[in-house]
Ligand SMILES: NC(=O)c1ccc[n+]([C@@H]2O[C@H](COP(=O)([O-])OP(=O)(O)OC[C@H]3O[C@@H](n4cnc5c(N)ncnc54)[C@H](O)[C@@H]3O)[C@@H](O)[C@H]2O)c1
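Only one chain is shown below, in structure tokens, and it's the form predicted alone.
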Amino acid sequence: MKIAVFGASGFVGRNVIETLKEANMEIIVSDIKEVKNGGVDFIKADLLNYNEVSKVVKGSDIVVHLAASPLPISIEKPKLNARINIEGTLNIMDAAREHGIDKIIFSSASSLVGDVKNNLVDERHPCSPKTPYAVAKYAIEHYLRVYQELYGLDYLVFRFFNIYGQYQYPESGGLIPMVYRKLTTEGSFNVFGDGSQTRDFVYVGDVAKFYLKAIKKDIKNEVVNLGTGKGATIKEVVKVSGEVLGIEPKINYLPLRAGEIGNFVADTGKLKKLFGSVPETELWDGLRETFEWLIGGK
């Protein structure tokens, strides 16, 4: 079995590639900029160039699609973001049709839910995306369904919750690497509101393992939450981070930002039913692994 991975330079992509390599999977990886992945075949490809995309897909059995124009770009340049995320994904899907790919595994975003009406959040929760990025992710989920119905192209969608871990740098704006930077340089962190907002933090090593399971198992044409089912408040993340780092954090409470969503935790019932397990790395352990990596300056 040969796996094509788009988004090779991304935070999740690099972890998935390492896990597939350890499992001795035959893989070919791609991104718009070249990355070194230790002996893995790399093809540079722009998602908006069909011929380049097709070259990556050809000869593969399964496509892992992790490439995306990120949320901040969608706010600044919504049209460009839509082209890359929607048109680029359609190029992957059309190439998959052309070359007879068995399945596309797509990374979607739990943020497409928008207004949280029921917590825990299951896959049937009403969706009202609040950013162009989330709109694009939701549109792609529907394109995948329609392509399956029209052309028989199978897919599996993982809706990501708050993933953290190795290769996520503070420059990404991710909460946990930002907490690390602020605590190690200033000993404090700014929290908007009272810090009681609950999120579902998922260690990237667990996420990568589920991609390996998804490749090996015949699970298809499903949308599945990829979370832990356990919530942690923002304030708790800061305090546990301080414990791991040996720092007593000072929390600066600031006014709640407009548009801030409330509690948001994955219902993992479907994930457990399909895969027999859920991500299990505890927050303290995941933070320790992450901070050790950041301290190592890799």
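Keep in mind it's a predicted model, so treat the numbers as computed, not measured. The first residue of the sequence shown is number 1, and the count goes up from there.
This next part talks about the form predicted in complex with the named molecule, which is not shown.
- Within 4.5 Å of some heavy atom of the named molecule in the predicted bound form lies at least one heavy atom of Ile32.
- The named molecule in the predicted bound form comes within 4.5 Å of a heavy atom belonging to Asp46.
- A residue is said to contact a partner when one of its heavy atoms sits within 4.5 Å of a partner heavy atom; Phe275 fails this definition for the named molecule in the predicted bound form, lying far away.
- Although the partner is absent from this view, Gly13 contacts the named molecule in the predicted bound form, with a non-hydrogen atom inside 4.5 angstroms.
- You can rule out all but one of 116-124, 156-164, 217-225, 185-193: in the predicted bound form, only 156-164 has residues with a heavy atom within 4.5 Å of the named molecule.
- With the partner omitted from this view, the residue of Ala109, Val135, Ile86, Met178 that lies near the named molecule in the predicted bound form is Ala109 [heavy atom within 4.5 Å].
- When you look in the predicted bound form, the only residue of Ile27, Leu271, Val265, Ala67 with a non-hydrogen atom within 4.5 Å of the named molecule is Ala67.
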